[in-house]
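Just one chain is shown here, as structure tokens, and it is the form predicted on its own.
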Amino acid sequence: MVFKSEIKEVIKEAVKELYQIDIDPVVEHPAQEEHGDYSTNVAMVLADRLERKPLDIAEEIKDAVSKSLRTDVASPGFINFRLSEEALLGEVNRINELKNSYGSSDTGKGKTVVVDYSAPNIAKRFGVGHLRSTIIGQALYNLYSFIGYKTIGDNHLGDWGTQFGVLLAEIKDSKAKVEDLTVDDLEKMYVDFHQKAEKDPQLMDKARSWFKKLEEGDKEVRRIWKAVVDVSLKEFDWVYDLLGVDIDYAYGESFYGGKMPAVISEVRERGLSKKSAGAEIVEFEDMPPAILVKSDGATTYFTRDLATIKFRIDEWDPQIIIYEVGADQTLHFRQVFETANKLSWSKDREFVHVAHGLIRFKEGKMSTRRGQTIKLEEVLNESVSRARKLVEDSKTGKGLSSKQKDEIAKAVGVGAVKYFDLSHHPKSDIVFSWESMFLLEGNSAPYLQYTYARALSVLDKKETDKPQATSRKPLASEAEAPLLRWLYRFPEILEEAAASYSPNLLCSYLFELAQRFNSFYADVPIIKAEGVELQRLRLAITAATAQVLKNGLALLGIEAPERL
């Protein structure tokens, strides 16, 4: 249950009745929990309009809502709200009743969202730099699905463009048999070409010429391109399988080849393009122009993204299209979205660019052209290897089979890499270091996984089908209070994380929950609690904590092993 929305509604009705004013009150959690579960500054917002003291207004609103809410007033005019013991305990029982569906909602019922994410480039290794789009995008997909949206994931593969002209030029010059090439071979060719092009810039004209042949449908060129794509997709499938990522569709840029003429015509018909130095461009008031068609007649990334939007609108009619793409593409998406607006494609829908920061070296940005990248395969394998050693050294590891140890090591190792990324705000840059990527303690996936396994071990020791939380007073002084006053926030956090496109909010919530449970576990007996009622309460809270941790990790795309 999202208590916050209920409290907002009660305040709105009270203000409407008292002052005949419609207002959308801000309701937040106080910085100090002893001040209450929620707080609003609505009295201070109304003070100027009513020309009255905030404290007097706060008292009037308090009196108006006191029948349904426990409130008090604090200077200079805050109204604090406290959830009843009955509500807190009821939420614990609700968690244990709903289990895996706890936190889900129908917020997005009747709405469709498309999430564009991952989008690795064909003929290049799946580098650690593409991890952010893949992991953040999957988490956003999971969050929106969980709160009721019809969610569609689309992997916009980079399988078109001048980079293929580069590869075609190298493959033809080397007379290599494309079927025998690996992704490593292709990436080396790409790097070698750009190193030569730095000394002889005219080589890029050769690459553009080869790409033009590809766009024109040259059969031999198309055959080579198809072989390069097939080699790359095998590599990507391995990575996605290890990450546990399954994207609904994989429409590469090449898919839109036949769809661009209609879009180009529509842009022209609306008078949005003009000729410039042989090319065709779209101009903007506050941005550089975007190239719609190059001087040689070839299309651009800009053109293909317009065709992509048109296809998604026609195919799925989404209310939101989210692009989880690096911050270095910010200008590009501003141009694309502005053009879509001018074409009236944005009516009743929203385009969002979740611009994630880079995973970079201390020395600067990673670059495939310069051969300065870290292979994601290396990172994942190393993390799983370290997790395997952790399992081997643990007490519980001694009783596990080799297969069980491998499964746990995969869950812990991959989870560590994912969580390290997701715990950062999407906009922040991440400086790559092996140690930070494999963080196994503190604010990390292994810490949350360990807490989940610890909670399950407590429940396993006490056979009970359905632990119930029942009334025990006074609650405020009990050891259970910190957990009870955190558990109920889970549905609220999911709404906030989705609305702000920030999975890191869920990470922070889960870390705090794990800390509170571990303090609770260390401070008071659970199974050996005094009295059946107290034991049942603490077992119910333990079960609820485990369930919320499991649900939260699942939304982040991280497994929760029952033993660790």
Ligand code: ARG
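These numbers come from a predicted model, not from an experiment. Note that residue numbering follows the sequence shown and begins at 1.
From this point on, the text means the form predicted together with arginine, which you will not see here.
- Within 4.5 Å of any heavy atom of arginine in the model of the complex lies no heavy atom of residue 423.
- Residue contact check for residue 156: one or more of its heavy atoms lie within 4.5 Å of arginine in the model of the complex.
- In the model of the complex, arginine stays beyond 4.5 Å of every heavy atom belonging to residue 96.
- The shortest heavy atom separation between residue 410 and arginine in the model of the complex exceeds 4.5 Å.
- This chain is displayed without arginine, yet in the model of the complex the stretch 297-305 from 297-305, 209-217, 228-236, 140-148 comes within 4.5 Å of it by heavy atoms.
- This chain is displayed alone, yet in the model of the complex one of 381, 329, 346, 104 has a heavy atom within 4.5 Å of arginine; that residue is 329.
- Between arginine and the residues 164, 323, 452, 419, the one pair within 4.5 Å by heavy atoms in the model of the complex involves 323.
- Within 4.5 Å of arginine in the model of the complex, a heavy atom is found for all three of 121, 130 and 333.
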